[in-house]
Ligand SMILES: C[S@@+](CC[C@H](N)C(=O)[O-])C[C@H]1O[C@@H](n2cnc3c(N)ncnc32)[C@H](O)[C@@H]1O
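One chain is shown next in structure tokens, namely the form predicted alone.
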């Protein structure tokens, strides 16, 4: 089983219970609101979310944009997302199954993801592709873990990176042709260790722009 297959199999299995973890849902919603506030959509934007999962971020962003393509490799996750959109009456969301590196994309005003990059093996290649599918003046927002020791996920197959160094990721974004790269901390996950200590895992939010044409 390759890396991508391991991710799809895991998330298909987890999909029915994914939203039952209150701490996970709270984290996803906090990060999604940070993304929404950073991108500040005005209602006319065409948007791509990759790694959409069960739509925890989708439901926060979709009411603020014209159209949102929610891309994920897991059919099980997308089934949950579609059900949520139907119940909420969100008819501006298209749920698309596929790997973001391989699926043909349109052109977008905004592209974002929450805690998906660490599943992508070749992040610089992905960033180049995303930049190519941004409209001039478009923006990208990517949230994921700061570099950590591997304890956040443990021995889970399909995790390609134990977080990211902000300086390195920032350079990858600039190498992809993006400008005005900035970082903030969207949320910090706190977990209790067996010895009573608390482990803290900051989640960064990287925002960058595609230059205007001409």
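Because the structure is a prediction, the values reported are computed rather than measured. Positions refer to the first chain, counted from 1.
What comes next is about the form predicted together with the named molecule, which is not displayed.
In the model of the complex, at least one heavy atom of residue 52 sits within 4.5 Å of a heavy atom of the named molecule. Contact between residue 47 and the named molecule in the model of the complex is not found at the 4.5 Å heavy atom cutoff.
The named molecule in the model of the complex is approached by residue 119, whose closest heavy atom lies within 4.5 angstroms of it.
Proximity of residue 111 to the named molecule in the model of the complex falls outside the 4.5 Å heavy atom cutoff.
Comparing 36 to 44, 183 to 191, 66 to 74, 162 to 170 against the named molecule in the model of the complex, the single stretch with non-hydrogen atoms within 4.5 angstroms of it is 66 to 74. For the options 115, 141, 93, 123, the one in contact with the named molecule in the model of the complex, meaning a heavy atom within 4.5 Å, is 115. Contacts with the named molecule in the model of the complex, taken as any heavy atom within 4.5 Å, map within 85 to 100 to 98, 99, 100.
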